[in-house]
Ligand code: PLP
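There is one chain below, alone, in structure tokens, taken in the form predicted on its own.
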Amino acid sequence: MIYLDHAAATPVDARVLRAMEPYFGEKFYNPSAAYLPAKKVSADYEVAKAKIAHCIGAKGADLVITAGATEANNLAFTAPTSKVLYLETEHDSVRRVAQQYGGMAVRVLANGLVDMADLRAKLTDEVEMISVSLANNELGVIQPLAEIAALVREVRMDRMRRGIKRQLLLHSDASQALNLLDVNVARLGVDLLTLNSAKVYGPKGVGALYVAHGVKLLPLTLGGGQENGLRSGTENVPGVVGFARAMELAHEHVNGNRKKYAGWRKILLDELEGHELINRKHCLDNFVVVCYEGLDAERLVFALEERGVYVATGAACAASKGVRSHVLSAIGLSEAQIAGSLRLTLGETNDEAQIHEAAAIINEVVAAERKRMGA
């Protein structure tokens, strides 16, 4: 098997699994219990949170642990009480909840980057929050968050001078970026940041929301008052311990990963034939999005699976429902281009030999499909 869909899911790293194992067995205690073994588990949980936070330049108290990025994104949107802006290429867990808060989409340019002129035009005095992913989940395009944060500061100062007290928050979903970018909340200038264990070789069903000091959120669930009352429920200790180890490993190897994936990406681009490259610049080094116009990408996915190569047509949640990519539509691709587009995302299950082999197999499958279409 050659797995080229790491944007959808990553396997749990063996080192992560080893860190988690004790908390399924001898350290199974509920962290909220009063006796000593439980208190020790509670302390381990807080240490794990602190490790996650340290990797983004924050403190453990700044994090709310969630059941993944979708919940973290939904929780972030409990901060505004009025209008919000979101990038039109955002993941559905941002788009759909934003629309419930008077959301207005901000356009992107043909390269997938935010249209700063459109953002400025739509950033009226009623807007309370802007949500822009650090790196897009279908294209891997890296957004200029520092530039957006500078605009947010400028607007805040202008509102203050004019006596307008309405808040303006900047939220970003960094799920896809944690393994390839040095993510720091201060440098990014964000008030809210979504993290996802499942994209960094940690366990699925675990995420976190960074919340800057002074930002007020409302809980999505009520109960025992865990996570400072914002996320009730018995803490997922093994999941958070695993998440912490995965974040440490990602943080430690981010530069090496970037260099390795950039080399593999170049191999793919040099050896793949008869395609149009969609994400040319400003993207994560492990993302390759190519279009075989005139072909049906879904047929290519199935044909490649038969040859042992696993790729995607876009976001897994959209592809499973047969929904056309709103991301590719937003950057101006035609219906035929969207229908023929494949997303290849590289990761730790790969090696250089696999990349060469994958390129050869993809070329063969595409040629066979073109021949069939011609016939």
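Being a predicted model, the structure only gives us computed values, none of them experimental. All residue numbers refer to positions in the sequence shown, first residue = 1.
Not pictured, yet referred to below: the form predicted in complex with the named molecule.
Colleague: Just one of 175 to 183, 219 to 227, 273 to 281, 77 to 85 has residues with a heavy atom within 4.5 Å of the named molecule in the predicted complex, so point it out.
Modeller: Only one stretch qualifies here: 175 to 183.
Colleague: For a quick test of understanding: in the predicted complex, does each of 70, 137 and 196 have a heavy atom within 4.5 Å of the named molecule?
Modeller: Checking in the predicted complex: 70, 137 and 196 are all within 4.5 Å of the named molecule.
Colleague: Heavy atoms within 4.5 Å of the named molecule in the predicted complex: does residue 93 have any?
Modeller: Within the cut-off, so yes.
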